[in-house]
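Next up: just one chain, as structure tokens, the form predicted on its own.
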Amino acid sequence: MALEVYKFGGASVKDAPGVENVSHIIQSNQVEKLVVVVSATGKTTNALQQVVQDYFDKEKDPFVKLNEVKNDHLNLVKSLFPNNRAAVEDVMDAFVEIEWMLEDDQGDPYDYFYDQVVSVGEVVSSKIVQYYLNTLGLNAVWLDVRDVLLTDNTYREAKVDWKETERRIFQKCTVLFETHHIVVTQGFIGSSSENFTTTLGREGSDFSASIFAYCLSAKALTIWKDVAGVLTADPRLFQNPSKLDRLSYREAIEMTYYGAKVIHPKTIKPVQNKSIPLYVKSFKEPKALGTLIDEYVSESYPPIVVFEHAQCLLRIATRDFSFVAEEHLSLIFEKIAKHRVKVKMMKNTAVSFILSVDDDPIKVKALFEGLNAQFNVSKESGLELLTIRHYNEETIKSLTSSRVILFEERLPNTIQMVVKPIDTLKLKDEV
């Protein structure tokens, strides 16, 4: 069967006109069999994350933020289905389990609690989209992704059990497509073998769509974004970046690995393994061509720029000025893995080891404390990581003119630099 997978992010379903637009895109493309993967609406994930934080901080009532989220979705449902009481009840019922958890004080670990609460955003948004598609007569059915996408129990960064997930997705969707043309499901979430909800990491809905495309050997995967396609730079930071009409799988993997935000880093591998073309298109201009990612290999690309903010440097030094040897590195990497810190660059000198990492306050603090018993550790915050693919000296000079380069690494096609904006530099005493 000619089956395709569409993924729609939170910006595309943030309000009633957005849901209507998404539904009309699906209606107009007339795909024979379609899996639609939906993210949480708008800023819902951030709001539910605040619910979790308020619950653990115990300084604010978490029900205040939760009720805001509920009311936003209630208003959305009533706007789309003013006379459909079943839709209202179905969507509101999805919040009941969160309310039970907030009323209970059982001391669940933060990451576990986070996944159970934040995942509800995708559940309710996908229900809303499925209901609206059926008002257009599109014969859509809702699939709880937790019934088919099996993971381990690494909460907030769960790893997929590919063999079992492929079996479940193929079996379940084959049955559903016997009576329906469209299957609507959730991105970002899965389920452990104990039937607890897990999540695949922030912005993981792209990855979810890629998993479905792989498991169903889809004809194509289309990720619908609020930009025209894959761009040479973030349009929020640069004026008029160019759109790339076509990319190879390898180039897309490199870009996402180095921090390009247009698609999730794990998205490419599943579709590349089965040579499934991946389209990145705009839900604002659905007829535009967008960007095609496939096996095509280009002789040349323009400079592609990725800025990552909220970075920090960790300097790890031996206490006795001995060399940083293999046994030291083994211990350092053991702690990095334990605390799930994202390393972006690394460099060693005779007596120290320097890491550029995402400045996640919880994870970096835990790593800092874990290493401080054996090493002298210092941290410098307020940094940026600048990556330029297919760089030239003119581009480097332009982007670093107002920044100090703390250290850099050059490869044939890529340069990475940890930089600090000049206006935030402060004089420091050095020992």
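Treat the numbers as computed from the prediction; the structure is a model and nothing was measured. Sequential numbering from 1, following the sequence displayed.
Here the subject shifts to the form predicted in complex with aspartic acid (ASP), a form of this protein not shown in this document.
Proximity of residue 202 to aspartic acid (ASP) in the model of the complex falls within the 4.5 Å heavy atom cutoff. In the model of the complex, aspartic acid (ASP) sits beyond 4.5 Å of every heavy atom of residue 387.
Shown alone here, residue 212 lies farther than 4.5 Å from aspartic acid (ASP) in the model of the complex, counting heavy atoms only. Shown alone here, residue 40 lies within 4.5 Å of aspartic acid (ASP) in the model of the complex, counting heavy atoms only.
Residues within 4.5 angstroms of aspartic acid (ASP) in the model of the complex, judged by any non-hydrogen atom, belong to 40-48 and to none of the other stretches in 59-67, 366-374, 25-33, 40-48. The partner is not shown here, but in the model of the complex the stretch 181-201 reaches within 4.5 angstroms of aspartic acid (ASP) through a heavy atom at 188 alone.
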